[in-house]
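Next comes just one chain, in structure tokens: the form predicted on its own.
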Amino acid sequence: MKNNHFSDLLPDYLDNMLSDSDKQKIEQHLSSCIQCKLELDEMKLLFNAFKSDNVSVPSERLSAKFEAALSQEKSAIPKVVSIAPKKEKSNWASNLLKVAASVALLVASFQVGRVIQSQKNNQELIVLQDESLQFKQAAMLSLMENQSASKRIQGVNYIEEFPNPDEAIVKALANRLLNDENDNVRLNAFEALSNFTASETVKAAFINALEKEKNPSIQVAIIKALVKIQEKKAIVPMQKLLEQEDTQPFIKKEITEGLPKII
């Protein structure tokens, strides 16, 4: 039914192909709908015109000749079993549903294709980002091994590109903190590592640096970091610094104030 009318069922109604309930509904509707009534009348006129159309009938003599020729022709060719096409019930609404289903299938196919393409683009982007990250990491590690102190500092500062650096980067920075001959490189390495004090590798590097570092500024920075994270493994090396005569007074003061916060 379209727009509250029964236009698509009227042909079946005229062919008497509807169920009693559907027929009753249409007749009830026709009693009050002028549009459907006019449409039904037009269909009736058309159907009657088909029925009243005179068809020329061949003469009996011509029909006999035709039947004889047809029998002769049939006997001359192999017998073929024909499959008569199944008479389909005229149903406009069914055709409309088929068209709607085809459109829905086309739209669904388009959406699925778009989702698949989007996922493919995301995967390609992830691969590209991973390759870029690997390239930056290789550049960072290479710069930290450069003979030039400024290049090593540049390499250390590449840490800004790695919010979550892997163990290789952390160990390379720890190596700069513990073994680099340049004070500025060691200080930059300490500052880079101080953002990742939850790492056991970083904690161990700070404690080892505290035992061997001679630059007072770096010593104080390390002591403050270890006190802040309350690293108990730093208690012994701090106590040793307190006992050493060459330890600067302001460093001893920093340790004296920090130790109670750890213990």
Partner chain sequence: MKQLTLILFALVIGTSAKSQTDYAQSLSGIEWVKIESKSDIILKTHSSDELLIKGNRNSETSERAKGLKLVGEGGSDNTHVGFYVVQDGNTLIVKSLRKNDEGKIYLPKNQNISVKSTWHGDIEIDGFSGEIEADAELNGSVDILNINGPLTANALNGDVTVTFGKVKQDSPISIYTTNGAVDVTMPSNTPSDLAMNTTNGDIYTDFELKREEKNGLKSVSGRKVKATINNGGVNISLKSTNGNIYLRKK
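A quick note: this is a predicted structure, and the numbers were derived from the prediction, not measured. Positions refer to the first chain, counted from 1.
Just so you know, the form predicted in complex with the partner chain exists too; it's not on screen, but the next bit is about it.
With the partner left out here, the partner chain still marks one of 200 to 208, 37 to 45, 24 to 32, 218 to 226 in the predicted complex; by a 4.5 Å heavy atom cut-off that stretch is 218 to 226. Contact here is defined as any heavy atom lying within 4.5 Å of the partner chain in the predicted complex, and by that definition not a single one of 141, 145 and 178 is a contact residue. Using a 4.5 angstroms threshold between heavy atoms, residue 98 stays clear of the partner chain in the predicted complex. The partner chain is not drawn, but in the predicted complex it has no heavy atom within 4.5 Å of residue 171.
For the chain shown alone, residue 132 is not a contact residue for the partner chain in the predicted complex, no non-hydrogen atom being within 4.5 angstroms. Taking non-hydrogen atoms only, residue 161 never approaches the partner chain to within 4.5 angstroms in the predicted complex. Although the partner chain is not shown here, in the predicted complex the stretch 188 to 210 places heavy atoms of 188, 191 within 4.5 Å of it, in sequence order.
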